[in-house]
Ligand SMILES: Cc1cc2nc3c(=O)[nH]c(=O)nc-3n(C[C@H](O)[C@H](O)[C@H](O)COP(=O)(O)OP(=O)(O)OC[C@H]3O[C@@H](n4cnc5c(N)ncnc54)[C@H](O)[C@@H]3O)c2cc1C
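Presented below, as structure tokens, is a lone chain in the form predicted on its own.
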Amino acid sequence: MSTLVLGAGISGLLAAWHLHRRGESVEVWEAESQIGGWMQTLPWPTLDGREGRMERGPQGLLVAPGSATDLLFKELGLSLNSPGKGARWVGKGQGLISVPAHPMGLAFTPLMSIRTKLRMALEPFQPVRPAEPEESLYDFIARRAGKGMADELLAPMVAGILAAPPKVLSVDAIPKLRQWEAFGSLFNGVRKSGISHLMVPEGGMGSLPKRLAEQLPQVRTGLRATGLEPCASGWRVKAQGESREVAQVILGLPAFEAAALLAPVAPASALALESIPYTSVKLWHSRHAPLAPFKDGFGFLIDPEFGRPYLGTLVPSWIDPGSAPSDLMQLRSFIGDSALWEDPEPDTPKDWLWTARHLRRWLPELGEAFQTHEEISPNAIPRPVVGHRTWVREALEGLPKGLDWISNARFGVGARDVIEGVPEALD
């Protein structure tokens, strides 16, 4: 079968790679000049010309030994590096509170009340609820682990991953949760599925789409599809100055981009995809003199009550040592959409001065930045709100034969969700 994949982000490239390995004829078109979508590792040399880098998208990914993600990297011959078990914090109240490295440490952390901890201990004994009707992420965690857990710990964790409040998100925003519950409890699900660890590909996250593209016969950049129409062989795809006739088209695109192409040929699917919202974020990369012990940790997330819309800061120089020379500490600070977080200063520009002021609230000893870089990421993250499951189902049911939609909005926001979801969707 001849297949044209539109979009050379991680979803489209994975779909093309799996099809190519099955012996199918496949080509990829990417509208932008670079592949990878938001998963790009960009060079960022120091002021004195030494090598460094920064990530546009995810800083790393969670990998369990023997998992689909682990096997993919082994098949690609792409090594994964572990930063180790560095310290993590949550910003709450007047300062940073350490997050226990081991689940047993939750019994002693001041992050949660004693009542919340006792209720969490009962999670393995809660009944499993059917998948329907769809729950919010907040309601799911409150049902399984207690309202205290949902109120006291969930918000900063979700803000740091999905950049949105848990009460508006569907439980499908984190697909692993329902998969784990199917084992009888989240505790059993995590135990039986294998513990995942944060890993970074050699050379940064952008190495993954690059390696996938290297193993494909044809990936063309700077070629934006402008129209779809049925033809005798299947589908005709039009772009600037050319067209291609193929048996199958896979739209490896964000929902809103896929909707624009599908509107003339699959209006019901397009309407469902248009309903899926996306979240924009701003990133500030900065380099400072090392600040012990912070330089040897993952970073911190902020309880939204105390930071909105400042969501937290990672330490890429610890997570991925190739980010900066050892005499520099590199930070990556996230600013969310003011409309989602009841921003007390919605009209104040979220420039570096604003960001530095918030950083120093939690790290008062942090020195001045030697370098800064602003990264604005519009519509970077799908926001699976309650109702998302219905929209995805309606989008897929409305697709004519020979058309498919492959996207992280379908499988889950995380790279791991996409890696696991794409081959199942192609079967």
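Given the structure is predicted, the values throughout are model-derived calculations rather than measurements. All residue numbers are counted from 1 along the displayed sequence.
Only in words, not in the display: the form predicted together with the ligand, which the text now covers.
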Verify the contact flag for residue 415: yes if a non-hydrogen atom of it lies within 4.5 Å of a non-hydrogen atom of the ligand in the predicted complex, no if not. yes
Are any of the heavy atoms in residue 381 no more than 4.5 Å from a heavy atom of the ligand in the predicted complex? yes
Tell me, yes or no, whether residue 115 is in contact with the ligand in the predicted complex, where a contact means a heavy atom of each within 4.5 Å. no
is_contact(residue 52, the ligand) in the predicted complex, heavy atom dist at most 4.5 Å: no
Segment assignment from 388-396, 33-41, 65-73, 365-373: heavy atom within 4.5 Å of the ligand in the predicted complex: 33-41
The ligand in the predicted complex: within 4.5 Å of a heavy atom of each of 60, 224 and 253? yes
Which listed residue (331, 137, 261, 335) meets the criterion of a heavy atom within 4.5 Å of the ligand in the predicted complex? 261
For 273-307: residues with a non-hydrogen atom within 4.5 angstroms of the ligand in the predicted complex? 281, 283
